[in-house]
Ligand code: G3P
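First, one chain by itself: the form predicted on its own, in structure tokens.
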Amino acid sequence: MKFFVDTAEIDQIKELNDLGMVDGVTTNPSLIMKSGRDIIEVTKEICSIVSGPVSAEVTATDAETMIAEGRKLVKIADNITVKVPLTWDGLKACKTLSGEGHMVNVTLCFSTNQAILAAKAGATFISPFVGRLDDINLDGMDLIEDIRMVYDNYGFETQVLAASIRTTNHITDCARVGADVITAPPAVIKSMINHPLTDKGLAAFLEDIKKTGQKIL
């Protein structure tokens, strides 16, 4: 399973990338706003750090302008993925841009039917939002599982990119049901390493070696 980092914060991307934990990056207008930087400038810098796909989202809502924005965004770097919303206009933009050989991430997916439409429009990635479904008392993981099954049934090549990941349990569950990619905030990815028994065991080992008075260096 690939790990995409859901942030526009350069230092956080660099930290995880240096550990080999970054296969790509996803951004959106809200994350760009939090970074306080120009969308083109920060996207270009991210692309210079990460070799995998970097999702940059259009800001228009009509197909014609989305396509124009997408064509501008892909000029930033070869690894740009144009991110469009799951609307009819977004699917029109997806069809055109993917037909031109560009990667497209169709975002804000909340149903299997929507995911089927995105795959037929040539999406490189479909982004179902797990956490937001959980927020309204639906099981977001059911959607990931359903999309995986349908895509496998018909050989769709669109990759399932699980988004709105809130917890490490979400990541584990996505791996179980076969999501191709998860995108999560840096803090969630970093917290995957935490376990109280690891901490307890390490503390015991260190205490025992301290009693022997031995050192390696």
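Quick note: we count residues from 1 along the sequence shown, nothing fancier. Because the structure is a prediction, the values reported are computed rather than measured.
There is also a form predicted in complex with the named molecule; it is not shown, and the following applies to it.
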Practice item. Could you tell me if all three of D6, R132 and S164 have a heavy atom no more than 4.5 Å from the named molecule in the model of the complex? Key: yes
Revision key, fill the gap. Only one of 150-158, 43-51, 60-68, 164-172 sits within 4.5 Å of the named molecule in the model of the complex by heavy atom distance, namely 164-172
Review point. With the partner left out of view, is S35 within 4.5 angstroms of the named molecule in the model of the complex by any non-hydrogen atom?
Key: no
